[in-house]
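The chain that follows stands alone, in the form predicted on its own, written as structure tokens.
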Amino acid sequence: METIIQGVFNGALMGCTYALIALGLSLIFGVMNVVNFAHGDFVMLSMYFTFWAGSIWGVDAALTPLITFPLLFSFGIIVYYGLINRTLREHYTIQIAVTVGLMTFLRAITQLVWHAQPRALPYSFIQGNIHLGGYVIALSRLTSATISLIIIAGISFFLSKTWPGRTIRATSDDLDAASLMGVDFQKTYALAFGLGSSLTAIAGSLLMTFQQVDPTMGLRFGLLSWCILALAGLGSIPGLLISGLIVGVGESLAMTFWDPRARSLVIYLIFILVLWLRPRGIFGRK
């Protein structure tokens, strides 16, 4: 029982970070209906930027979002106006081809710049363990989960209480009606894509406090974020969080009681089961 509780707690902490990654994808897909297969590689790229800032300038990984957040936001705006905007009125297969091409390009660039070997930062001030009874809590994962929850709550407040956030929601619900009310959908799309991309900067920085990065990690985070988004359904931020917890706990228990190599198998078995019972996702509103 102690092993199960430890595994559930570790998985729940990781699931909060997964939910933060999926939230960025939800903003992009929910507002623009664009299938961005490069989203996971944005996480990978932000992790490399974190490594760069830590190894060259000595910035702690937990503080690098001060640099990487505006950097990824700007990169998202450039990608939107340079690539995505040109495919909005095209068939969805064109969007898939463009984002898959972007994914391949980012992976090739990271291999060229940082080579294929894994990279990690030797130290972060949030490393260490907390002993609570008979359980061990990694301080880096606890801090990452806490920050992820704060950011998710902040995005929820932004979408519901601010004018730019309301324009994003209105555009997501009905583009034509929002345009008639004076909403500039081009700027709204750019904001949504930039914000969705910049959230990966926070997630990538937090991940680098307790794990390494390599050029192939983008595929894993991309599939995980799509899995969480499909489980939650569109339009529910609490649903994303709960789905992230389900994925994180399932992954952790598979690694603890079965085989670390089977963690992806368990995640996708849960994914298939939930969508078989509820095709719109657990909390999806459309």
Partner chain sequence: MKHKKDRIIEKFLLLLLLIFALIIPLIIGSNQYNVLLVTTVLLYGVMATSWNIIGGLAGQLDLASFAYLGLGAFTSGTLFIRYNFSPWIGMVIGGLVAVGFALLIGIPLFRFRIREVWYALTTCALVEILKVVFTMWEEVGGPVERYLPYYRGSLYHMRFGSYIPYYYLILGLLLIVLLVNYRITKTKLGYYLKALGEDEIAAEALGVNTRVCKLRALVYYSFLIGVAGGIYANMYGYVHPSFFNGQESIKVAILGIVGGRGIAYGPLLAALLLVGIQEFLRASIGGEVSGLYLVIYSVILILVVLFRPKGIATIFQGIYQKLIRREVKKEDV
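Predicted model only: the values in this text are computed from it and were never measured. Here, rigid core means the biggest group of C-alpha atoms that superpose within 1.5 Å across both forms. Residue numbers count along the first chain shown, from 1.
FYI, the form predicted in complex with the partner chain isn't displayed, but the following is about it.
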The partner chain in the predicted bound form has a heavy atom of only one listed residue within 4.5 Å, and of 182, 134, 82, 128 that residue is 82
The partner chain in the predicted bound form has a heavy atom of only one listed residue within 4.5 Å, and of 186, 156, 111, 74 that residue is 111
Exercise: residue 86 in contact with the partner chain in the predicted bound form, heavy atom 4.5 Å = yes
**Message:** Given that the partner chain is not shown alongside this chain, does residue 219 nevertheless sit within 4.5 Å of it in the predicted bound form, heavy atom to heavy atom?
**Reply:** yes
| said: in the predicted bound form, is there a heavy atom of the partner chain that lies within 4.5 Å of any heavy atom of residue 230, even though the partner is absent here? | reply: yes
4.5 Å heavy atom contact, residue 173 and the partner chain in the predicted bound form: no
Of the candidate stretches 58 to 66, 237 to 245, 43 to 51, 251 to 259, the one with residues having heavy atoms within 4.5 Å of the partner chain in the predicted bound form is 251 to 259
Residues in 96 to 111 that come within 4.5 Å of the partner chain in the predicted bound form by at least one heavy atom, in order, are 96, 97, 98, 100, 101, 102, 103, 104, 105, 107, 108, 109, 111
Check: Is there a C-alpha shift of 2 Å or more at residue 262 between this form and the one not shown once the rigid core is superposed?
Finding: no
